[in-house]
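Presented as structure tokens, the chain that follows is alone, the form predicted on its own.
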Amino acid sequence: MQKTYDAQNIFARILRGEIPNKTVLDTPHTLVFDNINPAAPVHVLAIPKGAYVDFSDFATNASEAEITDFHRACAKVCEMLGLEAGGYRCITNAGAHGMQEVPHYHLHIIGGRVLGRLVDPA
């Protein structure tokens, strides 16, 4: 399925420098920054600098360099923020059923406390 990227989404605007952010890590292909509405003591967002709508778009269409950089940047941030010892959660949402709010692939890295269940089993 062909996905249409909206170049006016908030993350695209952050990448263009139109909206400020609190950068945690900036690499050639990845930007990681603090979430403005954190769900835990540590809540950062990792976004690729390329125009990808969701995980499957990124996994299918990104270059090996982009994919490698993104995952290594996420691992480095987990280490930098001290999440390795207590654990953390990585979440990405896709589409309407996945409750994706911004149509730019992003990974939530959340930790700093016990997070509870991910999905209600009901």
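Start at 1 with the first residue shown and count on from there. Given the structure is predicted, the values throughout are model-derived calculations rather than measurements.
Beyond the structure shown, there is the form predicted together with a small molecule, which is absent from this document and is the topic of what follows.
**Q** Could you confirm whether residue 34 comes within 4.5 Å of the small molecule in the model of the complex, counting heavy atoms only?
**A** Within the cut-off, so yes.
**Q** Residue 46: heavy atom within 4.5 Å of the small molecule in the model of the complex?
**A** Because no heavy atom of residue 46 falls inside 4.5 Å of the small molecule in the model of the complex, the answer is no.
**Q** Please determine whether residue 99 contacts the small molecule in the model of the complex, using a 4.5 Å cut-off between heavy atoms.
**A** Residue 99 belongs to the contact set for the small molecule.
**Q** I'd like to check something about residue 24: if you look in the model of the complex, is any of its heavy atoms closer than or equal to 4.5 Å to a heavy atom of the small molecule?
**A** Residue-level check for residue 24: no, no contact with the small molecule.
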